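Listed next as structure tokens is one chain, alone, in the form predicted on its own.
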């Protein structure tokens, strides 16, 4: 394909960009990123408090600070405050730039931003006051608030689709396949999650699995992969390795992912055939995961030094590795033999952080560091990016490893039918390390906030341009081709 992730300069059916359009797009990208940064700090501060409540349950045990109220605040604000806003803000920039046109409507983008924030604020207040929709993970907000979030999705989808429709090239670049499809898929998921006639008995169980898994795999994953397909070639100053691999990963992700939710309810009253189908499709997900990961890693081939010297690329590289490892781990977890050990243990918490934090958060940060300086003309400081990267990487590594080991010990205790309190005692050191990892992760978010300030309203930093010299690493590839 001739289409690349570079900004398209030729004109076509779409309107020509002006300097004012670029300024408005930069303002929207900035506003979404700043809002996402606020929710990142707030949600992870709550998460850090929760981590220490495992070791000290009576710490800050007031009514409004109990675990049952704070935990859904942490997850929902991380999902729908931080991750959604960070990914959508970058997606607007990618859609406009890759299509060589201006954003369809800046007004709709601002309306979407206010709706996303309104839902997150109202949901946080409702949950802390005890208004909880029940045991429906990741959709604990009362249904009127989830309708506001659905409205934000509708506005965003309309704006992105209309922007892509006005593109200046005949082809639709891969990034926009993933971005537009992710928004459309999520509208379906959010609608099903609100419709009342699904929310009874085993139907509620099945829809809970459908919603909780697809909220990650059909919302955050397509948006993050869409950013990969633009930001990685943009930073490397080279085209994506294979358009065909990207298309293969896209359609197989759409085919296999929607039916995975049932593997959260193995050994439950759900029909055995539904559980088995979820397992089979979990294994089939290796196709899009490995195809997509290979595409990104082969695009980075020959740029090994760049992954150290360029922090935007380093963030994106870690995100790709966590996507590959975390998704493959999810396939392994789906087998009944391993579910019997790991289900309901802290292992699954480690897995969720490997994917949502190691993959999605690092992808969002990599996209922000790669693209926001291009939009605002301001670079972060190199030291600030280094502090953010290493604190986040070391922190999440400690967190995931501790909970993976501890969760396995916990599950084996249950399998061996030792007294339940013994599993609690055995988890004590792993909860401590979870807290240590959480502290490092939260400190990295403070560094990120400082970097966002320098890329937007503050004094620019000394980091080099995120766009690398295309000649670097070229000789490595040439030697491999000759060999």
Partner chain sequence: MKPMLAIFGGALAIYVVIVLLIAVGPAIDLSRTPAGPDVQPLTQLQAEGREVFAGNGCGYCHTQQVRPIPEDQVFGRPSAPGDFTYQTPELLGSERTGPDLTNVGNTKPSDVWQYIHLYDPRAVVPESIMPNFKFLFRVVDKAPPGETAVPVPAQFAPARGVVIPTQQAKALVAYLLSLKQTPIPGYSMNGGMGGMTSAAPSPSAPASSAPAAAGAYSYDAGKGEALFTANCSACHQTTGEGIPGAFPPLKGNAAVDNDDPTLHIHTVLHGAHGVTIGGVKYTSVMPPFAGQLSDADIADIVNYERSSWGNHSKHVTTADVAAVRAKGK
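If you're wondering where the values come from, they're calculated on a predicted model, not measured in any experiment. Positions refer to the first chain, counted from 1.
Another form, the form predicted together with its partner chain, is not on view; read the next lines as being about it.
- Judged by heavy atoms within 4.5 Å of its partner chain in the model of the complex, the contact stretch among the candidates 114 to 122, 394 to 402, 381 to 389, 157 to 165 is 157 to 165.
- 181 is the sole member of 150, 325, 287, 181 with a non-hydrogen atom within 4.5 Å of its partner chain in the model of the complex.
- None of 205, 356, 291, 279 but one reaches within 4.5 angstroms of its partner chain in the model of the complex through a heavy atom, and that residue is 205.
- Taking the partner from elsewhere, residue 344 is found to have a heavy atom lying within 4.5 Å of its partner chain in the model of the complex.
- Taking the partner from elsewhere, residue 242 is found to have every heavy atom lying beyond 4.5 Å of its partner chain in the model of the complex.
- Interface membership of residue 38, defined by any non-hydrogen atom within 4.5 Å of its partner chain in the model of the complex, is ruled out.
- Contact check for residue 137: a heavy atom falls within 4.5 Å of its partner chain in the model of the complex.
- Across the proposed site, 189, 258 and 265 without exception bring a heavy atom within 4.5 Å of its partner chain in the model of the complex.
- Taking its partner chain as it sits in the model of the complex, the stretch 414 to 453 comes within 4.5 angstroms of it through a non-hydrogen atom at 414, 415, 417, 418, 419, 420, 421, 424, 425, 431.
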